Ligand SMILES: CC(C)(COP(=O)(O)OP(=O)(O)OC[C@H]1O[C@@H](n2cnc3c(N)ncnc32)[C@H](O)[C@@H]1OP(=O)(O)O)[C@@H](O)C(=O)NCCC(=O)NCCS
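Only one chain is given next, in structure tokens, and it is the form predicted alone.
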């Protein structure tokens, strides 16, 4: 999604990290898919991904109700993500890695089905 993705460069212009969002739907519900989240190995551990995620989620909350991603719960839980049940990503996605975040309280309640391209 234009405006939500982030690119981080150092003072010399070298790319340090980037994140991207995509509009999708789960059943009839509009969903914002976060991914990829990438940080150059020399910048990892400096909080760059966390800053980009927090900043973009705050902006996404202005227009979206829910965000989906495939990732590690121990890392993404600090941003409000939790494991989703009943949301199906195309194989070979591990169902334990399908995570959601409510940008509006209860936004994922009752949302079930396969993840599909937005119309």
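Positions refer to the first chain, counted from 1. All of these numbers come straight from a predicted model, not from anything done at the bench.
Although it is not shown, the form predicted in complex with the ligand is what the next lines describe.
K.L.:
Using a 4.5 Å cut on heavy atoms, which of 39, 33, 89, 60 is close to the ligand in the predicted bound form?
P.N.:
Spelling it out, the residue with a heavy atom inside the cut-off is 39.
K.L.:
So in the predicted bound form, does residue 48 come within 4.5 Å of the ligand, heavy atom to heavy atom?
P.N.:
So residue 48 counts as contacting the ligand.
K.L.:
Heavy atom to heavy atom, is residue 76 within 4.5 Å of the ligand in the predicted bound form?
P.N.:
Residue 76 belongs to the contact set for the ligand.
K.L.:
Is residue 44 close enough to touch the ligand in the predicted bound form, meaning at least one heavy atom pair within 4.5 Å?
P.N.:
It does: once the ligand is placed as it appears in the predicted bound form, residue 44 has a heavy atom within 4.5 Å of it.
K.L.:
Answer with yes or no whether residue 55 is in contact with the ligand in the predicted bound form, where contact means some heavy atom within 4.5 Å.
P.N.:
Taking the distances in the predicted bound form, the answer for residue 55 is no, it never comes within 4.5 Å of the ligand.
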